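There is one chain below, alone, in structure tokens, taken in the form predicted alone.
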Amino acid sequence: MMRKIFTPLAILTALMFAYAPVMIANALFESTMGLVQKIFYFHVPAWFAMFTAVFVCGAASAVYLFKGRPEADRIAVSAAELAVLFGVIGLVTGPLWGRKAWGVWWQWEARLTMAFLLELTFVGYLLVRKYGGPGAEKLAAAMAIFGMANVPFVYVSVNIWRTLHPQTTVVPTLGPGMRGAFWFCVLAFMLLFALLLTLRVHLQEQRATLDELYLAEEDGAV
């Protein structure tokens, strides 16, 4: 089913990203930050996609860790790579916005620090899988579950500690002149995530099939 709709969804996603600058340009200006606030329309959706990738990775890792299903492990590693990708987008766009809004590129406050540590957790996940040796997949799965458990704390940190970062009330209180552009961008990023995850899982499946063929050839040669 996904293969049949993949191409139309890919075209739709490309068109949405092409039209997103128009939506953002036509959105109302924020009263205090002005033009720089429009980074918000890519910054926050990137974190939406990152958190989604983290939850997919964590859930798939739990299935792999407790059920031993290889297909779950393929989904987990694919989602982990996307978590790192979208996390980088969030960590790059955030300082660009912060430099103008706060006067500094980076501030070691609760939300930023915890988000950075979450990104490092999944960078560590990928490094463990690549260089950890035998059994590294299960250790990495435990790291993914740990990372998934940290997402709620990253989200509510701005409501618990006084920080420079805006609280979680920003998105629910968006005005009509901003709401449409914001959710349009969120949908574009989520579609991009779904498409990239599908491609990455398919690549993992092809690699697994290739490994099986190599093993079968070696067994035949012996």
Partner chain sequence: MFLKVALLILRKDVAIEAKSREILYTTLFFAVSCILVFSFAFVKEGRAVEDAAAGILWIAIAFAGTLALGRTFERERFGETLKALLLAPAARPAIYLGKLLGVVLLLCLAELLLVPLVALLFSAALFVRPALLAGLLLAGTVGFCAVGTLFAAMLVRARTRDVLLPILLYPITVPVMIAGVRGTAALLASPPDEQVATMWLGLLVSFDVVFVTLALWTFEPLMTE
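Here the structure is a predicted model, which means the values were calculated and not measured. Numbering follows the first chain given and starts at 1.
FYI, the form predicted in complex with the partner chain isn't displayed, but the following is about it.
J.: State the residue from M143, L82, L112, I75 whose non-hydrogen atoms include one within 4.5 Å of the partner chain in the model of the complex.
T.: It is M143 that has a heavy atom within 4.5 Å of the partner.
J.: Exactly one residue in L117, V88, L96, V104 has a non-hydrogen atom within 4.5 Å of the partner chain in the model of the complex; which is it?
T.: Only one listed residue qualifies here, and that residue is L117.
J.: Considering non-hydrogen atoms and a 4.5 Å limit, does the partner chain approach V154 in the model of the complex?
T.: Output for V154 is yes: heavy atoms within 4.5 Å of the partner chain.
J.: Might Y131 be said to contact the partner chain in the model of the complex, defining contact as any heavy atom within 4.5 Å?
T.: The answer is yes: Y131 has a heavy atom within 4.5 Å of the partner chain.
J.: Residue-level contact is defined here as any heavy atom of the residue lying within 4.5 Å of the partner chain in the model of the complex; does L139 satisfy this criterion?
T.: Answer yes; at least one heavy atom of L139 falls within 4.5 Å of the partner chain in the model of the complex.
J.: Tell me, yes or no, whether I160 is in contact with the partner chain in the model of the complex, where a contact means a heavy atom of each within 4.5 Å.
T.: Yes, I160 lies within 4.5 Å of the partner chain in the model of the complex.
J.: Within 4.5 Å of the partner chain in the model of the complex: all of A20, P21 and P45, by heavy atom?
T.: Spot residues vs the partner chain: no contact at all.
J.: Using a 4.5 Å heavy atom cut-off, which of 65-73, 46-54, 191-199, 178-186 contacts the partner chain in the model of the complex?
T.: Among the listed stretches, the partner-contacting one is 65-73.
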